[in-house]
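Consider the single chain below, provided in structure tokens and representing the form predicted alone.
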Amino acid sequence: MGSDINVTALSVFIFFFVLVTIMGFIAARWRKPETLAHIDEWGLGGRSFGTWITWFLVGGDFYTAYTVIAVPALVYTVGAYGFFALPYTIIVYPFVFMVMPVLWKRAKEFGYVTAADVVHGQYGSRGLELAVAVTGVIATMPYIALQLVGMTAVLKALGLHGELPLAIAFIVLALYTYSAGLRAPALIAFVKDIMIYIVVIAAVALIPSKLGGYANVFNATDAAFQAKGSGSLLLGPHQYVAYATLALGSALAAFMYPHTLTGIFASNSGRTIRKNAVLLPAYTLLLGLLALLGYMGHAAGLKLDSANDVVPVLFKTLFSGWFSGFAFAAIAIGALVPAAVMSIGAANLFTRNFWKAYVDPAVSPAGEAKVAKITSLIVKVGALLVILFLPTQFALDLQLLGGIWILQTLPALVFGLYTGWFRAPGLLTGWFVGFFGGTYLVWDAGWKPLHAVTIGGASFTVYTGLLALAANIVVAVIVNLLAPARSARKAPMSYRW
């Protein structure tokens, strides 16, 4: 142990980590089904989660540990521009309210487990199915890795260095996810979210009083931005379009990810999803309060090695050891819940849309569950290896691309819920243009997700994901118009046993 370890904080951290570990293994007996040897049970919790379980689960895997670390870090670095996460997590819920119950009904009726199942059932195209599945997996992998970035920041603040603590945490996660499937993160999410609410509400109530009030927090932040010559408390006119398009694009992409869709498919009804679209904005309020911690870091005069350290160092500096330990445990557990759901979502995609499609079409339900369990372990190990052996910037760049990539699956997944006009060749060609065109634009901009567009002599900075999506849709429409028409599929294909 190093001399910078606070024994009280570490003890509280270990207590809560052990508590959720026990809950993870108990989850296999919570709402126990006849068998977990079925992908519906292991990977979707039997599609039985009601309003409150879904609220905690979706909130837990949407508002992640990396969110708790990265949003205040971005606000600390650039100011107002970092608040784009607030409109994004408001805009997304009308979309969820309107679209996701329709998607849930389609998945429930025909036994679909993944987005790629829905696409194959609608269009009968293995190529389009594979494109959606591969996009989902490669967009999810860096997302899991970045949960480790959040956990690493916490372990560093606790004085724990090296790879061993991180490896132990993810080995434990892998074991109870393998045992209990989606029920484990669903049960743990109750504890995680309650802890996060306590931490953030206590922080925004108490920290300003330690720093001279909110007026002083904003004044200190403004002075810090002026001193370094970048960042501001208000958006500049040149940032308006970038801010708006980044928020809109992020909102459209949010529920295309395998982990958020897993929470949707695990719900017990479309009504449950609509209720959650109404209730989940409570997390947006929490996110807004959380973002303010970035400004408080300036007011506290923190000396940081990295902006990602702002929240852990702020708690370590201003709170007692026991509360710091509680806060660090909340953030670390906040990494476990989404990482578990993400690995399950990726495993479901591999099992249903690669293994079942190409390797063993006659695989039994028990065989599917076994493949999914093993795949979830491999996914976690892969994410751990990325963080241990590759630069963190590599995972950040991949995650940045992941949002642009996953957005390109929206036309194939969503359009078919409402119209039979689109066909697989057009959608697949559109996906190809959006996926690789978006990747090129990001690379060309120096790995930044924004691109300059000139219209009528005026220049605007636009989120690259939306540009790629627009190209995707235009190409899909053109190919659809030019390709010879074929007889429409009368009904989606069923995946039921």
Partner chain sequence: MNKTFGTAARWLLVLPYIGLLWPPFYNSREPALFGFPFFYWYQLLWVPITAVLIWIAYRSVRDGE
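Predicted, not measured: the structure shown is a model, and the values here were computed from it. Positions refer to the first chain, counted from 1.
Same protein, other form: the form predicted in complex with the partner chain, not shown, and the subject of what follows.
Triplet 74, 149 and 162 all within 4.5 Å of the partner chain in the predicted complex via a heavy atom: No, none of the three is in contact.
Single option in 201, 171, 194, 98 placed near the partner chain in the predicted complex, where near means a heavy atom within 4.5 Å: Looking at 201, 171, 194, 98 one by one, just 98 meets the 4.5 Å heavy-atom criterion.
Position in contact with the partner chain when the complex is considered in the predicted complex, options 210, 228, 271, 303, heavy atoms within 4.5 Å: Contact with the partner chain in the predicted complex is made by 271 alone.
4.5 angstroms heavy atom contact with the partner chain in the predicted complex for residue 247: Yes.
Partner contact for residue 94 in the predicted complex: the partner chain, 4.5 angstroms, heavy atom: Looking in the predicted complex, residue contacts with the partner chain include residue 94, since a heavy atom lies within 4.5 Å.
4.5 Å heavy atom contact, residue 307 to the partner chain in the predicted complex: Residue 307 lies outside the contact set for the partner chain.
Close approach of residue 219 to the partner chain in the predicted complex, 4.5 Å, heavy atom: Yes.
Segment assignment from 334-342, 288-296, 125-133, 311-319: heavy atom within 4.5 Å of the partner chain in the predicted complex: Only one stretch passes the 4.5 Å heavy-atom test: 288-296.
In the predicted complex, residues of 270-284 near the partner chain [heavy atom within 4.5 Å]: Heavy-atom contacts within 4.5 Å come from 270, 271, 274, 275, 277, 278, 281, 284.
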